[in-house]
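First, one chain by itself in structure tokens, the form predicted on its own.
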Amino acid sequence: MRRPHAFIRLALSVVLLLGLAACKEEAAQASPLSDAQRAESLRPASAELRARYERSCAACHTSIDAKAPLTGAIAQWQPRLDKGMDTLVKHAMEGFNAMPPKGLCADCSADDMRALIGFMSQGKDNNQ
């Protein structure tokens, strides 16, 4: 009589383990998209900064295909930040590699670029 109970326990254990393995596989598949999903959802708190970000920065900094560092992906921004904010602002203002001058934000000042870079590199602005 103990054998049917042992079989049921074994079968339940196998089902549980298979279910856990499937959860682990789904989590692994979701992680590459998490940076892009996060970048897409982030917006500056400041209405003025948000307007500049949405019309000039978001197109590239929320798309993996653009090869730009994603908004809020701190690890992607760190090598750039290591060069110093002044260098990043200079590159943003003058253009650098695939980034066009001012990131196509014709009315952005160096201070605007500093604020936009600060937001994109951390996923938050000073007003949040």
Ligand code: HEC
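None of the values given here were measured: they were computed from a predicted structure. Residue numbers run from 1 along the displayed sequence.
Below, we refer to the form predicted in complex with heme C, which is not included among the displayed structures.
For residue 38, no non-hydrogen atom is located within 4.5 Å of heme C in the predicted complex, even though that partner is not displayed.
Although the partner is absent here, residue 103 lies within 4.5 Å of heme C in the predicted complex, judged by heavy atoms. In the predicted complex, residue 45 stays away from heme C, with no heavy atom inside 4.5 Å.
Shown alone here, residue 72 lies farther than 4.5 Å from heme C in the predicted complex, counting heavy atoms only.
Contact residues in stretch 58 to 87 (any heavy atom within 4.5 Å of heme C, taken in the predicted complex) are 60, 61, 66, 67, 68, 69, 77, 80, 83.
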